[in-house]
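Encoded as structure tokens, the following chain is the form predicted on its own, with no partner shown.
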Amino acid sequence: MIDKVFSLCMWAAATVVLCMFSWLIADVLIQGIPALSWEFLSSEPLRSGREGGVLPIIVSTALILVVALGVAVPLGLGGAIWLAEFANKESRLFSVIRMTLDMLAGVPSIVFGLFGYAFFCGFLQLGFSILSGGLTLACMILPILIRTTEAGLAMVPNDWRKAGAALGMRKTTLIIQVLIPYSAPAITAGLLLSIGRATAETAALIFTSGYVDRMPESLSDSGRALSVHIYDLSMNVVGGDKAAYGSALVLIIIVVQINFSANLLSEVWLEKKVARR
């Protein structure tokens, strides 16, 4: 009876989540599809976004995401490898670092936004720019990326490490050829979680990348991300709901496409690694 009640509760919880997600997606599709067109995707915003399109917004979002991932992925992968393979698991420093990462992963994004405004915009004098927004997002997604990648590396059986040592493999070769391919699903999951949080972020980017909706010419220009554009249209622009729904649909399509591409690349990479062996 206890098992049946528990299973029923789990199914009920899953059904509620699925219904809420379906309602959200259906609402965005119904309201956003009429606003979606080639002109909407290829033109600049007009009249504060009520008319025109979102091309500069998409370009700014892509540049911010490239900066964030370009900084966070190497640092996150390196930090996770150090924690999983080189750090002393019994030391106090190891415990402090892991606890700090867990705390940072739960810090509200507005705090990262204020930090980015004070450090990148003010102290480093980068101003309101795509570079400031991307670096702030990199700081925000680093804890998630490090912890998920570390968890994936920790799942690799120790027998594999011993076998590699017995075969005379260098530590670097073992990590690159064995551990990272085995941990590819966890690394991909961390990457997707990071991308999802970065592309949907609003509070941190308002204080760092700015509101400008023109086409950026360099990383030092201010750029408005899609999430900020949706917020501005829905909260500050009278009559901007139609464009806000269209922008939200574009953002969902971008996130889904990135997730699909990342999963596909991960599977292809893993299959090639297995085939070589």
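Throughout, we count residues from 1 along the sequence that is shown. Quantities reported herein were computed from a predicted structural model and do not represent experimental measurements.
One more form of this protein exists, namely the form predicted together with another copy of the chain; it is left out here, but the text below deals with it.
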Quiz item: How about residue 234: is it within 4.5 Å of another copy of the chain in the model of the complex, going by heavy atoms?
Solution: yes
Quiz prompt | Touches another copy of the chain in the model of the complex: residue 250 (any heavy atom, 4.5 Å) | solution = no
Quiz item: Does another copy of the chain come within 4.5 Å of any heavy atom of residue 61 in the model of the complex?
Solution: no
Exercise. With heavy atoms only and a cut-off of 4.5 Å, decide whether residue 259 touches another copy of the chain in the model of the complex.
Key: yes
Quiz item: Which residues, if any, of 83-113 lie within 4.5 Å of another copy of the chain in the model of the complex when only heavy atoms count?
Solution: 86, 93, 97, 99, 100, 101, 102, 103, 104, 105, 106, 107, 108, 109, 110, 111, 112
